[in-house]
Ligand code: CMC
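Quick setup: one chain, the form predicted on its own, written in C-alpha cells, and binding and motion questions come after.
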C-alpha cells in the first residue's frame, strides 16, 4: 500500500529543555495527526493514551468516520447510499478492491464466493464436541480458527494469491459456520449451502429451513438481512479490527487473526450492544411503562441507562441507524406487531426519544444497535445469535483491514508501551528467610 498522507506542518514539544520537532500529517479528510514515532528515540519519553482514543495506529484507505457530522464512508461512498442501492457482496468487493465492480467483475466475484461456501465434512465433528447449550460465539470463534488446519498454505501471508483465496474463503464460509452454530444450539440438522441463492437468502435458509418442509424467505427479510450485513461491514479502527491488525502484525495465519477479531467482538461493550438494547426493551415490557423508564434515565442518581441511544463515536445521528430504522419499519409492515409487545415498546420509545427535549439536546438519538436488535429479533434470531450476525457482516472489514496492513511497507509488529508502576528492583530472598 502506497502511503499518501501529506506533511502539513511541524509540532514542537519541550522535554526537559530539549525541543523535539515532529511532523504534522494530514489525510484526505478528518483531523491532522502528530507523528510521534521518533519521540522516544530523540527525547526518551513515550506518549500515554489509554484506549488509544487519540492515537492513529495506521494509515488506511478503507473507511472514514466523522462522528460530529454523522458521516460514514466506505472507500469514499456514503453508507446510506451503499445500504439503499447496493448489496452486501458488492460492498465486499468494494472494501477488498477499492472500487465498485463492473458487472463482469461482480459476476465473477459472486461466483467465486459461492464456490467456497461449503465446509470440509470433518469440521462438522468440531461442533459435536460442544455442549448443546454452548454460546454460538464460542463455536464461531473456535471454528474460524480451525479453518487454519484445513488451509495451511494460507500461512504464507506474503503471497498475494493466498491472501486473495483466504479473503474469499472467509467471506464465503462464515455464513455456513454461523448457521451451523445456530442449528447445533437448537438441536436441528445442519443445512448445506445452495449455489442458486443470494448470499443473504442462502444464510437465512441455512438457519431456518428444516428437511421436513420447503423454506422460502420473504423478500423483505432477505433485504433486511442484506442491509444488516452491509451496515456492519466495517467501522474503522474499532476494538475487534484493531485486534485483527495486531494479531496479523505478528505474521499470524489469516484465519487465526480473524478468529481473534471474533473473540474481541464478543465483548458486551463491542458486539453485544444490540443484545443489551433488546433486553432493555423486554425489561420495559409494555408501552405504558415507557414513561417510568424515561424518568429513570433522566435521574442522575439512578444507574439505569437507556441502551441503544447515543454512540461513542457519533455525536450526531448514526448514519447507519437511519437505514436500519427504515428496514425495521419495513419488517413491521410485514409482521403483526400487535402480537409482539417488544416491537410495540420499540416503536413508541423511538417516537418519544426523537421528540423529547432531554434526548434531543443531549443528542441521544437511537443508534444502529437499537434498530439492529429489533430487526434481528423480527427476522427470527434469538439474542445469542446477535453477535454472531455482527461478526458475519464484519468479516469483510476485518479481511480488508488485514490485507491493507500486510501490504503496508511501514507496518511493524504491534508493540504498545507502558508506564511501569510496580515494585522497584529488589533482590530475591530464599523462602526459608521470608
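The term rigid core refers to the maximal set of C-alpha atoms that superpose within 1.5 Å between the two forms. Small disclaimer: the values here were computed from a predicted structure and weren't measured. Positions refer to the first chain, counted from 1.
This protein has a second form, the form predicted in complex with the ligand, left out of what is shown; the following refers to that one.
Practice item. Tell me, please, which stretch of 157-165, 133-141, 91-99, 297-305 lies within 4.5 angstroms of the ligand in the model of the complex when heavy atoms are compared? Key: Stretch with heavy atoms near the partner: 297-305.
Exercise for review: Taking 4.5 Å between heavy atoms as the contact cutoff, choose which of 205, 75, 116, 235 touches the ligand in the model of the complex.
Suggested key: None of the other options qualify; the answer is 235.
Exercise for review: Please pick, from 84, 269, 250, 107, the one residue with any non-hydrogen atom lying within 4.5 angstroms of the ligand in the model of the complex.
Suggested key: Exactly one residue meets the criterion: 269.
**Study point:** residue 227, heavy atom within 4.5 angstroms of the ligand in the model of the complex
**Key:** Residue 227: no, not in contact with the ligand in the model of the complex.
Check your understanding: Can residue 285 be called a contact residue for the ligand in the model of the complex at 4.5 Å between heavy atoms?
Key -> No.
Review point. Heavy atom to heavy atom, is residue 390 within 4.5 Å of the ligand in the model of the complex?
Key: Yes.
Review point. Even though the ligand is not shown here, does residue 273 get within 4.5 Å of it in the model of the complex, heavy atoms only?
Key: It does: once the ligand is placed as it appears in the model of the complex, residue 273 has a heavy atom within 4.5 Å of it.
Exercise for review: For the stretch 340-359, return the residues whose heavy atoms include at least one within 4.5 Å of the ligand in the model of the complex, in the order they occur.
Suggested key: Read in sequence order, the residues that approach the ligand (within 4.5 Å, in the model of the complex) are 358, 359.
Practice item. Answer yes if the CA of residue 362 moves 2 Å or more between the shown form and the other one after aligning the rigid core, and no otherwise. Key: Yes, residue 362 moves 2 Å or more.
Review point. If we fit on the core, is the Cα of residue 171 displaced 2 Å or more between the shown form and the other one?
Key: Stays below the 2 Å threshold, so no.
Review point. Once everything's superposed on the core, is residue 206 shifted 2 Å or more at the Cα between the shown form and the other one?
Key: No; residue 206 is a residue whose C-alpha shifts by less than 2 Å between the shown form and the other one when the cores are overlaid.
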